[in-house]
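Below sits a lone chain in structure tokens, taken as the form predicted on its own.
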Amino acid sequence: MKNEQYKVHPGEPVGMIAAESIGEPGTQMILRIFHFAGLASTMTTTGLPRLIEILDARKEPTTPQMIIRLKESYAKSFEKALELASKITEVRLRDVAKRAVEDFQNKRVLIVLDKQALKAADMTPSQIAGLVEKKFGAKASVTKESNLILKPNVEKPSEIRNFSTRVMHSLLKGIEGAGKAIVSQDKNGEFYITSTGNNIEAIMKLESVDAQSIYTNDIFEVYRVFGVEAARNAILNELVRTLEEQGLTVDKRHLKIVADAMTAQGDVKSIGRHGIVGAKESVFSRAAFEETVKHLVNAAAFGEQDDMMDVAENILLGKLVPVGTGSVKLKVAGDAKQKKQKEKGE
């Protein structure tokens, strides 16, 4: 009986039903931006802002997050998981420095280091000096106060300022783009890592990581690494998770239609004038959404033709909509029989 109920009849307006089924509960979503899932967890965008972010196909999520599952030997040991999190965590010079003081007269930059931050990152001033020398070719020395003095091979004050900015943003340790990694524990007692950034390609290469179970909320990162089918699944998962966090239940079939529509062209498109609607062949369908005059003027200028095959354009012009009984054209059998008899001369 369930299977019979779930069947979609020919001509059923599945798009319209999906839009209503997502839109109606969507109005009940809380407008708060951040959600705290625990003290050790990172903050992630949720609710309506996240829903808009997914459907607008934003290139980067406001709060990227990656869930890194570990192989069995690492998942059972907190020490091993913590060691791996330390390797993944992105440490830049600005994270372990209090400030950079530019000395234009002596053509050098003084980096005042934060001792507590250095200890947390498990690094020494000498290590940082060596990394800066190797990366930028500048002379680096450690002062008595355990600070750094950098002498770049530049003369102009603007070049010294540019060097100072680049050095402060330089990566000292960890994986580029991975952000901060935190060890968490699931219901089964296994440890896993949550990070505030994205770099699936680099993290998958780590031996201790279970590459099959890695997950990110960045849809375009999934598309870039795994392809459009995986991006379609990521859109579906993120929509389901966002709605469930708000205590809303929407049938997955409605959400699948949205995910399919967003990825049907072979890449990830937004729902709007720059995405799915803007790519429609029908002039009236594009004009019915946004920028009506622009679409009609361009269509007239270039002599476009509208075959009136979709729903929106037929509603706009008051014609029979090709949905439900409107999608069926009937022909009376008697008329056809009489026509045949006439042709035979009976």
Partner chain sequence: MQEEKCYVYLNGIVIGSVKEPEKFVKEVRNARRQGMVSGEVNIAYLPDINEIHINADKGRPRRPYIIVEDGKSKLTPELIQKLKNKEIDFNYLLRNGVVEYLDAEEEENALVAMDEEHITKDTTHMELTPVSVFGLTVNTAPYPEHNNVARHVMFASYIKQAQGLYASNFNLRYDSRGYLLFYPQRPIVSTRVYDDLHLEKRASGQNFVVAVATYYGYNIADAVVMNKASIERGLARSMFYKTYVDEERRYPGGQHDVFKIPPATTENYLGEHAYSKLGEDGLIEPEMHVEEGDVLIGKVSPPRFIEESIGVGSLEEKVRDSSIVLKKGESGVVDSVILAGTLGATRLAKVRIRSLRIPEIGDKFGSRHGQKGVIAMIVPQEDMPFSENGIIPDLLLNPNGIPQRMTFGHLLEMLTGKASSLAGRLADGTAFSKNGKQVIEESAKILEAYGFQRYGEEVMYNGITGERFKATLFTGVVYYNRLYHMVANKLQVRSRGTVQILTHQPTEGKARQGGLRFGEMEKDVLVGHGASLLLKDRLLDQSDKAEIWICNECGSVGYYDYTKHVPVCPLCGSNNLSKVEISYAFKLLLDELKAMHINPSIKLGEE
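A quick note: this is a predicted structure, and the numbers were derived from the prediction, not measured. Numbering follows the first chain given and starts at 1.
Omitted from view is the form predicted together with its partner chain, to which the following refers.
The partner is absent here, but in the predicted bound form a heavy atom of Leu320, alone among Met309, Ala279, Ile52, Leu320, sits within 4.5 Å of its partner chain. Taking the partner from the other structure, its partner chain in the predicted bound form has a heavy atom within 4.5 Å of a heavy atom of Gln305.
Contact between Leu48 and its partner chain in the predicted bound form is not found at the 4.5 Å heavy atom cutoff. Taking non-hydrogen atoms only, Gly326 approaches its partner chain to within 4.5 angstroms in the predicted bound form. Its partner chain in the predicted bound form is approached by Leu316, whose closest heavy atom lies within 4.5 angstroms of it.
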